[in-house]
Ligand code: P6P
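Given as structure tokens, the chain that follows is alone and in the form predicted alone.
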Amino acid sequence: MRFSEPFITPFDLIMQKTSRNDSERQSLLLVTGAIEQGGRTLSSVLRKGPLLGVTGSARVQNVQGEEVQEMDQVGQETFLSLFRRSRAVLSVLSEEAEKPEILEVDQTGPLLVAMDPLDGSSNISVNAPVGSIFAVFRPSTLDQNVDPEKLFLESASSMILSAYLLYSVSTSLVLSIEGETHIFTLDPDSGEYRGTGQAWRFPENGKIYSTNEAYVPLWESALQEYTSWIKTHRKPPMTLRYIGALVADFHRNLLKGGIYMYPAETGEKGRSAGKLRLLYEAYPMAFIAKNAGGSASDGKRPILSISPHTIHQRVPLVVGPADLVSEFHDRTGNPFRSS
């Protein structure tokens, strides 16, 4: 993709996609601006990580029982501080916090943000790509006395924007709103995120599949057979590409055409409910995929049709171009219609 004049910024996109009389417009601009600034900050810190000594474990566990990396804490503090300063976010739900945090607002249309502030942080110590993921919801009520967990669960069906940042050779911001997905690249000289203005769609005839094949023995037999089929009998056969960070694997597949799979696992040490979090990993990726001509499921039903019952709920995830997701369902015995 070549970025040259004329280009648009995320600000331009929000202005194009929202009404002048929309009470949420200013809040969306402020929230998106906070995500942009957080991306600039983390991009800079990550480049200096080994020099700053922040590439290792923080020696604590998060609410998920997972080892927290030092950069997880940097990401959490960076974005939470920016959302606080925006005064446009009613509450923030994060992978790194047990409970959502209620913030002070002065905008007439405040929003809710669910985030994974640093996805794939275990990749940092080997200088591999990592990212940040966001889902933005319209709150079901503006009453700040409402239990914030209940607020997120009741507002989950009202996602209006999702985004992710990818920190790699360059820093990308992928933003999805009003039925379109757009890709922006951070210009390190100007500090601007620049895009072509053209909505992005999954390429046709994708041939990539992304999954951790070490877990195949823990999958249901139908999923094991599907994985064998795509390597040996599918015409044309597919090729495996797997980085181990959701943002990085999804982004490659978004650009080149491919399906990402993290199914449920069986067995004593398996994750029968899935591994990825619904509200701040599966939901935003499903929203981005849908608006780019793709779809997402938990292996049986559309991700965006699932009503969460806990804020850190886990789900399996299958996401990619609509034809590949449909093919996955046909081959595994669960015919599928995207929501």
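Worth saying up front: this structure is predicted, and the values here are computed from it rather than measured. Don't overthink the numbering: it's just position in the shown sequence, from 1.
This next part talks about the form predicted together with the ligand, which is not shown.
L276 is the sole member of L276, A292, A34, I306 with a non-hydrogen atom within 4.5 Å of the ligand in the predicted complex. The listed set N205, N127, T239, N212 contains one residue whose heavy atoms approach the ligand in the predicted complex to within 4.5 Å, identified as N212.
By the criterion of a heavy atom within 4.5 Å, G109 is excluded from the residues contacting the ligand in the predicted complex. At least one heavy atom of D119 is located within 4.5 Å of the ligand in the predicted complex. In the predicted complex, the ligand lies within 4.5 Å of some heavy atom of Y262.
Taking the partner from elsewhere, A245 is found to have a heavy atom lying within 4.5 Å of the ligand in the predicted complex. With the ligand omitted here, the record of contacts in the predicted complex names 276-284 of 26-34, 295-303, 39-47, 276-284, defined by a heavy atom within 4.5 Å.
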